[in-house]
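One chain comes next, on its own, written out as structure tokens in the form predicted alone.
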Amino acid sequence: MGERLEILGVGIDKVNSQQALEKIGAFIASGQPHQIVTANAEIIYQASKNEKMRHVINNAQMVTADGSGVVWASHQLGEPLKQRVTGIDLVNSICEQSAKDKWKIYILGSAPGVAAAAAVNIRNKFPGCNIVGTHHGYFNAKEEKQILAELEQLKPDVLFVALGAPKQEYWIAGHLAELGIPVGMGIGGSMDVLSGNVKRAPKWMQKMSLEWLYRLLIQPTRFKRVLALPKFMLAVKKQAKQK
């Protein structure tokens, strides 16, 4: 899996955006199933308290630092990561590469119509991006069997799943091997941006690592989730002292 930094018991790969994309290319070329997790501070803190979630993340073939909080933690622990590799940036990179290499992509998740809207926007942004199918995430057991059958038939190279963390990570871990899909990646809230339901933060806020603040301002319901940040920071400080 390569070199990893451990934050609160969760392993984060020491990769930048280009290295992450190169690894994804290698995963696809291998034809073997690989799970990717984009872990932000909230997910890491949650996983530190949830053994099942921590196990799934640590068994993923690539875990990226999704957010400035994770990069901050790496500096506190004396193993600084050079950059964050966010879910939305990684999705865009994969879709751009799909237009060049014809990687087949399937998008699963979110409310009815959202995945389809995301597919339209992605194709407009990256002409030639090879999206072979979409399905919403509000499926029952019968519909799930139909989705699995469709995935077996279409054989995508990349499966994006937006069911919210950790549900999407559990779903990928539970089905990726049987499907034989080379890359399965949870994309959570990125689907709202891809579909156009939520605008991404302005470039200046992205550069200043303030995307979390922008999301909070436009979605005040995220306030409870933001409360995990100070807890994460205190836990990291404690881990740093124990080193």
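These numbers were taken from a predicted model, which means no experiment stands behind them. Numbering starts at 1 and follows the sequence shown.
The following text describes the form predicted in complex with a small molecule, which does not appear among the structures shown.
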query: Which of 147 to 155, 122 to 130, 70 to 78, 105 to 113 lines the interface with the small molecule in the predicted bound form (heavy atom within 4.5 Å); finding: 105 to 113
query: Contact residue in the predicted bound form, chosen from C95, A118, A162, I172 - any heavy atom within 4.5 Å of the small molecule; finding: A162
query: The small molecule in the predicted bound form: contacted by all of K23, P33 and D89, heavy atom 4.5 Å; finding: no
query: R225 within 4.5 Å of the small molecule in the predicted bound form, heavy atoms; finding: yes
query: Interface membership of G188, the small molecule in the predicted bound form, 4.5 Å heavy atom rule; finding: yes
